[in-house]
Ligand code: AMP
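Below, in structure tokens: the form predicted on its own, a single chain.
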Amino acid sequence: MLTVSEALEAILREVDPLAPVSCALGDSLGLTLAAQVRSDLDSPPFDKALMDGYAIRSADIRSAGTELLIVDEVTAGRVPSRAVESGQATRIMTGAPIPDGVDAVVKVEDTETVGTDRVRILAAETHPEQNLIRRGTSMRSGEVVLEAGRTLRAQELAALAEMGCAQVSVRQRPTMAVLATGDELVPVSETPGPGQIRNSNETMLAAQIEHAGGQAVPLGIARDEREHLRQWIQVGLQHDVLLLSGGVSAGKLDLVPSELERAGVEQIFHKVRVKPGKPVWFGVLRRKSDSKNGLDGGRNSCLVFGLPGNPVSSMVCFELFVRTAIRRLSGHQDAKPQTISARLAHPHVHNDDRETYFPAAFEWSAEGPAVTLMKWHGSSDLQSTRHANAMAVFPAEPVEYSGGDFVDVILW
């Protein structure tokens, strides 16, 4: 049986980033940049004022009350008509280009006008480079703006817009089919009968997919009957990733592994030394795309995850294993789960030979990052996760923790 670390390495060996596509900048929020972007200009593209006020020569100001002749006015979007010489000033607005000869801007609050063409500087002195920014301070032409693998947020989009990138090369969102299995399941809109439960895993996994950057394709419920399951597996295999929930353990009706084998999916691993989620299954359908006939949409493989049916097991396995695959598909080099160290808010006795991922509430306290474990009653206890925003990681060995001890935490 693999450890969590070994399972993550096995996944990463099987996953390549999706092919890049060209995307309009306005549609790229949340996607991952596929190619490095360099600046095509200096930023800012000219020396400019950072305040409304007067552009001056700092050496002219020897004492409070110095008066200067106003020779020009420059607003944003216009350019100076003349240089500033000793004893002169140009009225200037925020963002406007600095005239030649100027090395400082005095903000308007530190001045007062004298008549129609003179300004009195109320400050006793000014400093060179005061309230202005020089051309290329933020970025030089040819400099790397963003590296490939960067997730595009509002600030990255703004930086690309400044560089004139109306189109960007990004990794497309992986399409991810979600298929819940089990005769006990009914749609969330129905009232469960005796022995039945609502299909909450589909809603949960679809939300996790969207939050992780994938495109969820819910397929509904496959019954514990081979022909029905087989048909829906074939539908799901047309996507980049197929997630099956339930049917992967060792029970009489756990048909998923054998039906995946029948469909040509190569098993990479089955069962991981993890709690919750031990029965998790991972495999790959390898195929040749037929671009001429448009078969498979150009996809050369489909990643398949068989997740345990218990909801917390399914949730944890998604965060550990499926999210790692999504990040690699999206072009991230650091695809594995990232941990943060936090103080445990209370004592805890861990007594298990499996690495355990415990639903927890993470917060920044006055003493730094802190984590509180939820009252968790096992892998079927979905309600325990309602107030959780993280999972605390405990090793595959018995350990007794005191309040204040540090543990690793993975944020949800």
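Quantities reported herein were computed from a predicted structural model and do not represent experimental measurements. Numbers follow the displayed sequence, beginning with 1.
The protein also exists as the form predicted in complex with ligand AMP; that form is not presented, and the subsequent description refers to it.
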### Message
Please identify the residue among Q172, S200, S141, S258 with any heavy atom within 4.5 Å of ligand AMP in the predicted complex.
### Response
S200
### Summary
Interface check vs ligand AMP in the predicted complex: of V304, A177, V322, A180, the one with a heavy atom inside 4.5 Å is A180
### Task
Answer yes if any heavy atom of G247 is within 4.5 Å of a heavy atom of ligand AMP in the predicted complex; otherwise answer no.
yes
### Task
With heavy atoms only and a cut-off of 4.5 Å, decide whether N310 touches ligand AMP in the predicted complex.
yes
### Contact of D254 with ligand AMP in the predicted complex (heavy atom, 4.5 Å)
yes
### Query
Taking the shortest heavy atom distance, is L185 within 4.5 Å of ligand AMP in the predicted complex?
yes
### Query
Pick from 143 to 151, 192 to 200, 127 to 135, 332 to 340: which stretch has a heavy atom within 4.5 Å of ligand AMP in the predicted complex?
192 to 200
